[in-house]
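Only one chain comes next, encoded as structure tokens, the form predicted on its own.
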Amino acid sequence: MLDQFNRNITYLRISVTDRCNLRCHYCMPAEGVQWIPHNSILSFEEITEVVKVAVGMGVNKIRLTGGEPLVRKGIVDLIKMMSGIPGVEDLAMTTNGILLEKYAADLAAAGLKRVNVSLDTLDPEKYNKLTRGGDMAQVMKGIDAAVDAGLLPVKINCVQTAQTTSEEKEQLRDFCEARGFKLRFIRQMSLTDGSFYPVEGGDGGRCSICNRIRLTAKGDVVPCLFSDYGYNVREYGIEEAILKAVGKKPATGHKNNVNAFYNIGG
């Protein structure tokens, strides 16, 4: 499935919920946000049907995001439903890791291949402040559980902000090198300002090779993180929504005044 710039679209990122059990400073205000109404959230059956159609159109890589995907009730069941779809070659998840210890083994048994864990510092006190209450020790237990379950390679995502120090970056490098993890530094971005950067250690932010589209929790197929366009699968039908989104995929990102990181998956 080629877009107008001859990029082959093979990657679908799915936000399964806009809800999260943390309140990271760069993602969500302390008071929270207005959640998407429950009846607007796609059911597991609807999400699975989107994946089936997308795979039939050339998608082979799926990543679940949020919000925090592990707060979605029954998430293991969704993994099992998607992993059984012929043509899904890579099924991954991005998580903050807080609930990973609880779910890692079941996720792996259901067919999840690997996880990216968000971890912006190895300082427990700073982590608690950045996330407004998060327990870094729980994340570490989750990472250990992911390794034990074979959700490999574990990737660590660090969002760099103005408060990120060179010492913290070096500590994260040492931590990942010692554990055999892959480390990605993601500079803080702004959807409304249209400021984004290449991911250090990953392919994100490199528009010329971008092969992804996104599905929001309420069913909008979005061509680019930095785009206001979205085509709802309930309104247009799945195939038409995907084709419209691919047709609107820009050469490079601009701005997004419609979504936020917590509901589009970052």
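Only a predicted model underlies this, so the values are computations on that prediction, with no experimental measurement involved. We number the residues from 1 along the sequence you see.
Just so it is clear, the following notes concern the form predicted in complex with S-adenosylmethionine (SAM), a form of the same protein that is not shown.
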Segment assignment from 135-143, 73-81, 88-96, 163-171: heavy atom within 4.5 Å of S-adenosylmethionine (SAM) in the model of the complex: 88-96
Does the 4.5 Å heavy atom contact test between T65 and S-adenosylmethionine (SAM) in the model of the complex come out positive? yes
Even though the partner isn't displayed, in the model of the complex is Y26 close enough to S-adenosylmethionine (SAM), meaning a heavy atom within 4.5 Å? yes
In the model of the complex, does Q188 have a heavy atom within 4.5 Å of S-adenosylmethionine (SAM)? yes
Even though the partner isn't displayed, in the model of the complex is T121 close enough to S-adenosylmethionine (SAM), meaning a heavy atom within 4.5 Å? no
Would all three of N157, F261 and G265 be in contact with S-adenosylmethionine (SAM) in the model of the complex, where contact means some heavy atom lies within 4.5 Å? yes
